[in-house]
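Here you'll find one protein chain in two forms, each presented separately as structure tokens under the names structure 1 and structure 2.
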Structure 1
């Protein structure tokens, strides 16, 4: 089967975009011993698949309840203990079946178990398919911050089976579309244009359209990962929409907006900032705004503005004491700036509130 590949250091990571379980089952049958971690919701929805996996010789399965508060060191230790109890060895392969939470935690377990074993990402949410499964960033949360403990550990392959999306709730689909919209702005005209024309089909989960946009997204991410595996330079562009998005999530204790929703709002806010700094033409701002309006839900969730401003100062993307913003300068172009004023951010937050994406207090 033809796979998309990305290369990091000397290895090649194949990405299979498929619409059946056969690739996963074939890979499982091809290894002597496999540990499979399945998101418990996915295990419930796909009982037949789980029993087929259970029937493969040398395979052990455990389930994991995918909640952000479970992406922690305790659950990591639980997983490692399970590996020891089941005699997982250095040459065993871990398969992570689930969304980004399952993939991040399991991938980190694979990174540290006996100094690192191979693992395969089997993403089941749109966000995980286009973002978290690609690029090798794995980790867990700590009280001092999200994703603050982790590693770079590339998967040995990624199997994207779009059939999983049939059961994905709409709000989770929107989350994936948040990251996809970010890629469209980063990537440029053909991708952005495709999204403008096809967002309705995507929201209706039309399979062929989903497959195409997933491929375009993964190709976009792969270009950044290949150039900058450890995120010390250009990979930071993937944080477009995330500086303000993350501050909104943090200011609302991570329980009012889903990550992708916050990224959509962050995209509009950062585009607004760019327009007011005369970096982005108003017609491009309008296009970004229009696509976000079509995808994001309207909300009057209360967000404390002061807290957003405070959080921006804690943001881990801070370099030399200044907050770094990735600002769009066109469709397909961004710059990194550290001279965004508090007034710029305040005005942008007021704008997203007036547009019905949140309310500020």
Structure 2
């Protein structure tokens, strides 16, 4: 089986894009002791698979309710306690089966348990397949912000099984398309043009189109990861849409918008900022706005504007006391700027509200 790979220093991380459970089961049978963390919703939907996993010698399983409010230090401690109780060792392997929340929490547990054990990402949502499972960023949330506590810990492999998408709800599909749209803006015309022409097929879960867009997204992300493993430079471009998006999530206690939805809103807001700073031509802004309108859901969820502005002050990309925004300057081009004014952000939030993506208070 041919795998995509990305390299981190001297290590190679294989990424398998498959349509069956055989690769996962083969890797499980290849280790002496394995801990498997499964999203409880996935465990319910795929009982036969979980049963088969539980029958593999040396494997212990725990389920996790993958909600944003559960991605915290208390749940991390509970997971580490489970490892001790089940005699997980430094030569054991952790398998994280679920979406981005499961992968982030489990990956962080793997990073800190006995100073680091191997783990395998098995993403089950479109967002996790194209984004969070790749690159080794793991962690948990804090009241002061999303993913504020974490580490860089690369998986030993990533198994993307597209069969999991058959049961994925539409809102989760849209969530994944939020990150995919970000990649399209970052990557350039061929990717963006493909998304413009095929977003309906993606929303309808057309298998070949999904496989192609996953591969395109993974290839885009791995290029950034290989150039900048620890996000000290160009990898920060992957935060396009996230500065405002994360602030919206935090300002609404992580329970009003799914991450990919917030990224879509953030992408429009940051594109609006770029246009009004005369960095982005209006025609490019309109293309970005149009594709987001075709993917995102309309919402009247209330978002407190002052709290969004406050949350920006806790963004991880702050440098020398200034918030750094990733702003598009064209399809395929972005720039990092730290001179975005409060008025720029306020006007952008008012625009996304007028476009029906949220309501501000």
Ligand SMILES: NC(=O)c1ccc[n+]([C@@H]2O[C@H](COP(=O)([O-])OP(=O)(O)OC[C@H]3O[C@@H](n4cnc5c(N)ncnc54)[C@H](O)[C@@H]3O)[C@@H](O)[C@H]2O)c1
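Definition used throughout: the rigid core is the maximal C-alpha set that superposes within 1.5 Å between two forms. These numbers come from a predicted model, not from an experiment. Positions refer to the first chain, counted from 1.
Q: Between the two chains shown, which is the form predicted alone?
A: Note: form predicted alone is structure 2; the other is not.
Q: C-alpha of residue 343: shift of 2 angstroms or more between the two structures, rigid core aligned?
A: After core superposition, the C-alpha of residue 343 moves 2 Å or more between the two structures.
Q: With a threshold of 2 Å on the C-alpha, tell me if residue 252 counts as moved between the two structures once the core is superposed.
A: Shift at residue 252: 2 Å or more after core fit.
Q: Is residue 143 displaced by at least 2 Å at its C-alpha between the two structures when the rigid core is overlaid?
A: After core superposition, the displacement of the residue 143 C-alpha between the two structures reaches the 2 Å mark, so yes.
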